[in-house]
Structure formats: structure tokens, C-alpha cells
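In the block that follows, a single chain appears as C-alpha cells, in the form predicted on its own.
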């Protein structure tokens, strides 16, 4: 460690502590805090956010950062230290551009608005959430405007907060490919959707039994209960304080068996990524996932590519049947596999099948672009949302709850996040193709041995945290940067076989 970096370290530790405290309040707010606490707790969150900003934006950090960016100083840094300096540079530039009073006000706003969204969703009333969403969008437009440079668009600034390798040009090309290759296949498959009966999925499933089986699934795929906990929330999510304290949530729907099972596998994929980050870099600026795209690749890999395969369920399907014998005793494993992979238009993104999933993301991406191009007002959003669902999926939400209010992301100001789900889904297919050349994945799954799979991901992706970006990781693991062809090939092969096309 260089002497300059050694001086910087305690300042970074202090800012990390404030971030951790803020994360704890976020976790509490979404899981166990009473509803009326939000507006009062927001003041505490605002003060912590203000202190975090002060810990980052000050003369001491500025001088040390400037010195560490010097070529001579760079030569003395390890690769990890260089990555930390790079992340600090980005974080510093972002925070420095925002007036402190606005940063604190925004932090307090999102602390309240997430609860307002949750209640509005429960009450099926977008109008109750709209005033908060307007304020959030105004802040995000202002913040993006502070940071925009050259010919970059404000929305690209927000995209870059989650995935630096994919701007509008790259996303448009990717989504155009999806629409050209997958939408026709989706329409072809939809004609045969009724040949698969999954009415069993919508029978009544005891919530307590769902919780028990979901906990079993989390442990089965690799969630470490010595370093992680599971709670309930309106929208499942993962939050990490460090690699020895990773927290996930789930939700349970009595008449939907799949929902909780695949949510817990998805969030466990996120959690394992965080748990496997090397001890040497946890609690640093590179102590999280490489990007949200790479993060989503891990959750989607376990949820879909592994979790919806026959090989995954073969060793454990009897346990599921024995948990709900009254509903599943006459449902064979083959029937169940066809059911969990059935492709049909669906209004809810988190409940979507693999084939149609990216269409849900495309809709959100196009609406976010409209918002930041000033092409739509907040009050018009429900109408635009419904029109796009009709255009792309042939179905229209009948309520705000199953339409514009279904996702929590905007209540936290997370504009630019949604494309990461699609990028991650495609990256998962690319990584899977590489892994198939290196190990007999199906053979491992058939005997319930996920250890070699987890270890491969840990050693090649997880442990590096954010030291490398998405394309750097793919280049290292697969020998090439992002290539969407793997995703298209994976979906075509899977669904043509499933539907005998």
C-alpha cells in the first residue's frame, strides 16, 4: 500500500460506515419498521446522508485523490488499489456535482417515497404516489444535468451508474436484436401455450409451508445462513453490509406456487455473489458486484438457467410434492418442468417467463427514455405503460397495481437500473455457454451437487467484486466481451425443444 493510499484509507472507512448505517435503515424500513415511522426516520436518514457526503467531499479526500491519480503514484498502487481509486473518482465526481442540501433532501424524499409507493400499490392508487414520483424525477433530471458532458444524454448518466459498458447505443442494438429474434418466437410459442396446463400453480399453497420450502431452496443453491438472513418485503431484494452480512427478502402469494420459489432462488444468486467477494476488498468501494448487469447475471443464472432445468429439480422434486401432496401428487416432474417454463404474456415482470422477460424490460427502458427526454409527464405514465403492454404483449393492465406500480425501483430514484436485468439475463447465457465447455453441469445437478458450479463462479467472477467491469470479466472468463448471440441461441434452443417447434 502506498503512503498516500494509506492516508486515504481511514477516510474511506468513515464514509463506508455512514453508507452501512444508511443501508441498515433501508433494510429496516422495507422489512420490520412500522408504517408511520417513515417520515420521522427520514430525518435521521437525511442527517446520515449529509454526514456521508461530508466524509467524501472535503479537502482531505480531494487532495489525496488528486495525488493518487498522478502517473507516478499509480505505479505504486496494486490493481485493487487502482480500482478503488477509479471508483472513488467516479463517486467523488458524482457527489461533488450535487449541492449538499439537495442530496440530503433527496435522501429524505426516497426514504419516505418507498413507503408511499408500497401503500399506493396495496391500495391500487397511482395518484397517491404520483406527487412523490414527480419530485424524484425532478431531482434525478437535475442531478443528471449536473453531470452530463459532451454529447452524452442525461439518461446515459443514470445508465452509467449501474452498468458502465452499456449506453443507449449498445442497449438499442441489443433490444433491437431481442425484438427481431425473440418477439416472433414468443408469438409462435403463444399459439401453443394452452397445450401446457399449469393450473396446479394457482391452487392454494399454505404460506408457512412456502416459507419453509423457500428456506430449503435458498440453502440448497448455496445461501449461507451463518452470513445471511431472509425477511419479507413488498418487493424481494438483496442488501449487503459486507460479505459476512448479506440480507435478502421474499414475498409469498397464497395462490401462486412459483412466485416465492423462484424469487428466493433469484435473490440467493445475488446473495452468493456478495458472500463470495474476497475478504480483502469487502467494505471497500470495490467490495460489491462488478455492475448491476453482472449482478443480475448471477441471480438470473440460478433462477432460470439452473433453477428451471429438469436436472435441478430431479433430486428435489419429491420433497416439493411431499410438501404439497394435495396439489402436486398427480403432477409429474415432466409436467412440472413444462409448467415452470411455460411462455405466455404476463403483466408482472417478476412473474414473467424467460422468453418474454426482456420485453418487460424494454417497455421500462423506453418509458424511462421518454421521461428524461421530456416526452411524457408523470400523470401520463399509467396510460403510456398500458399502451406499451398492449403493443408488445397484447395485454393491458386493468389496475395500477399490476401496471405502473408493480416495481419499487422508481420510488428509490433508481432510473437506469431496469436495463441491467436484460443485460444480466443475456450475460448469464454467455457465461453458461462458457461453463458448459469446462464442466458437466447437468451431471452435477442431477445428483444435487451445486458445489462445483458455485466454486467456478466464485473463483472467476464473485471474488473480484468491482475490481473488473462486465466486459473485462467476460473477456477473462469467456475470451470475448458481451455478445448477445448466446442469449438468442439459448432461448431458441430451449423453447423450440419445449414446444416441439
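Numbering follows the first chain given and starts at 1. Remember, it's a predicted structure, so these values are computed and weren't measured experimentally.
Keep in mind the form predicted in complex with a further copy of the same chain is missing from the figure; the text below concerns it.
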Exercise for review: Considering only heavy atoms, tell me if residue 43 and a further copy of the same chain come within 4.5 Å of each other in the model of the complex.
Suggested key: yes
Point to revise | Partner contact for residue 467 in the model of the complex: a further copy of the same chain, 4.5 angstroms, heavy atom | key: no
Check your understanding: Would residue 16 count as a contact of a further copy of the same chain in the model of the complex, using a 4.5 angstroms cut-off between non-hydrogen atoms?
Key -> yes
**Study point:** Contact test in the model of the complex: residue 165 vs a further copy of the same chain, heavy atoms, 4.5 Å
**Key:** no
Practice item. Look at the stretches 459-467, 30-38, 440-448, 60-68 and give the one with heavy atoms within 4.5 Å of a further copy of the same chain in the model of the complex. Key: 30-38
Practice item. Tell me whether 120, 134 and 411, taken together, all sit within 4.5 Å of a further copy of the same chain in the model of the complex, counting heavy atoms only. Key: no
Exercise for review: Would you kindly say which of 194, 334, 75, 279 lies with a heavy atom within 4.5 Å of a further copy of the same chain in the model of the complex?
Suggested key: 279
**Study point:** Single option in 342, 104, 140, 247 placed near a further copy of the same chain in the model of the complex, where near means a heavy atom within 4.5 Å
**Key:** 247
Review point. For the stretch 51-68, which residues lie within 4.5 Å of a further copy of the same chain in the model of the complex by non-hydrogen atom distance?
Key: 51
